[in-house]
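A lone chain, given as structure tokens: the form predicted alone.
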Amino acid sequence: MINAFAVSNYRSLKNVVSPLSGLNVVTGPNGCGKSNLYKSLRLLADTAKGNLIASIAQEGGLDYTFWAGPEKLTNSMRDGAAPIEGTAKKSNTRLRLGFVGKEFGYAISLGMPAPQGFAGHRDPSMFQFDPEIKRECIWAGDVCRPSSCLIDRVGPVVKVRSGRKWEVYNAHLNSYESILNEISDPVAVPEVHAVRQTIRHWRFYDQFRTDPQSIIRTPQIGTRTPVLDHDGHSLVAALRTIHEIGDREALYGAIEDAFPGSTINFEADASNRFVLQFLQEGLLRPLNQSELSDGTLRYLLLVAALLTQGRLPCWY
């Protein structure tokens, strides 16, 4: 479980610290920052996959992800008594993301690099707008304190706590590489391994394609699927896994709740491609996944996502 998530200077989110429980629902009017909160979670997840810089580039670059409001918000601005006005920035802007889990907390800070040339040349680098990782920390407990910090990366230098002392683990880490990708020794630095594995188990279910050309509607080779993949391609295998080793009663109960008198069945062709059979009251033959309506297919996808997650965090 994730106990808390924090984001600072991301688009419309100036400084948000959100405690989390088993089920969390974010609501609010249009433009209040719901999507940005979700995107910042996905951005943090990309850190453990080595896709952080590429994901920021897809958003238009780090400059376009920074907080869009003034550096300081006065109380009168917050209350609407005074207009929101910008002032000259006095400090370097940093995008900060972090979370607190059951055992460890993790935070990362990104900023723009100083203008510089590249080795052996006077010309400026064409990659000078690539964001740099300024700092990363892993700590034990709910709050990052000097006494609870276990891994501290500042610029290219990574230090690891050894008893009451700090030891330099790596002094030349690339500015665009996270410790979650570059440090992989589960014995020497088990904290990095634990945080990386935690983040890699997150699932985001917001990109389900249900159009006629969607691969979800095509029979796929079935393998045991304890967790539905991000794009839902393994839907039928995931449902069959629930049927065999998961909460079968909850699966068929959810289908009955939404479609009274309906149920599902499974078939496999000679190549072990799984085909879903949706048996609906009043129809003389079952429907396969290519024939289901978008709403029915999305419902089955969400049921599979919920019933294959166990205690892992998932976002919709």
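Only a predicted model underlies this, so the values are computations on that prediction, with no experimental measurement involved. Residue positions are given as counts along the sequence shown, with the first one as 1.
Unshown form predicted together with a small molecule; subsequent notes refer to it.
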Only one of these stretches, 251 to 259, 274 to 282, 46 to 54, 33 to 41, has heavy atoms within 4.5 Å of the small molecule in the predicted bound form; which one is it?
33 to 41
F99, K134 and G155: each with a heavy atom within 4.5 Å of the small molecule in the predicted bound form?
no
Just to confirm, W67 within 4.5 Å of the small molecule in the predicted bound form by heavy atoms?
yes
Contact with the small molecule in the predicted bound form for S18, defined as at least one heavy atom pair within 4.5 Å: yes or no?
no
